[in-house]
Ligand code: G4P
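Just the one chain here, laid out as structure tokens, in the form predicted alone.
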């Protein structure tokens, strides 16, 4: 997705530890026009999969997930990272390690909104080591739902997450694939 790559080149900042900061348009300030296009792209890529729900993990995956759900005309569920007073029973849960925050969170999805006949599409802002998607896969296994695949806004292809998911038979569609962040410069797989 060329427009996304241009945004990354223009606004992305490479930080130490192979971290790409894209808070100008994706995970702090959100560019809604770009997110609509992201959602449409994922909807087109997974159009023939019979998706019934889109899942993501709060909070950075919510914007692209909602736009994908809108384009597919299906509900969106975001796995919560923190306990809620209103959502505290009958939950599917999994532990997820955050590469950028260096913390482990227990994510949860209410059983009330999951049906075993669901076919889900997982959406996330980044894929590096695959922990968020792995957590959603664990919940999907608990719930007995089918997984159509994972839609990733930005994939760090030099880290193992995408390949590990593909090795497990999970379809991964990434809109921007980063080959390297060496020397503070973003290099895409297509470059």
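Numbering follows the first chain given and starts at 1. Heads up, when I say rigid core I mean the largest set of C-alphas that superpose within 1.5 Å between the two forms. Given the structure is predicted, the values throughout are model-derived calculations rather than measurements.
Beyond what is shown, the protein has a form predicted in complex with guanosine-5',3'-tetraphosphate (G4P); the following relates to that form.
Although the chain is displayed without it, guanosine-5',3'-tetraphosphate (G4P) can be placed by superposition from its pose in the model of the complex; doing so yields three or more atoms within 2.4 Å of backbone or C-beta atoms, and the site is blocked. A single residue from the set 40, 59, 142, 29 has any heavy atom within 4.5 angstroms of guanosine-5',3'-tetraphosphate (G4P) in the model of the complex; that residue is 59.
Scanning 132, 153, 54, 150 against guanosine-5',3'-tetraphosphate (G4P) in the model of the complex with a 4.5 Å heavy atom cut-off leaves one residue, 132. At the 4.5 Å threshold, heavy atoms of residue 81 reach guanosine-5',3'-tetraphosphate (G4P) in the model of the complex. When contacts are judged by a 4.5 Å heavy atom cut-off, residue 99 counts as touching guanosine-5',3'-tetraphosphate (G4P) in the model of the complex. Taking the partner from the other structure, guanosine-5',3'-tetraphosphate (G4P) in the model of the complex has no heavy atom within 4.5 Å of any heavy atom of residue 175.
For residue 180, no non-hydrogen atom is located within 4.5 Å of guanosine-5',3'-tetraphosphate (G4P) in the model of the complex, even though that partner is not displayed. The Cα shift for residue 101 between the shown form and the other one, taken after rigid core superposition, is 2 angstroms or larger.
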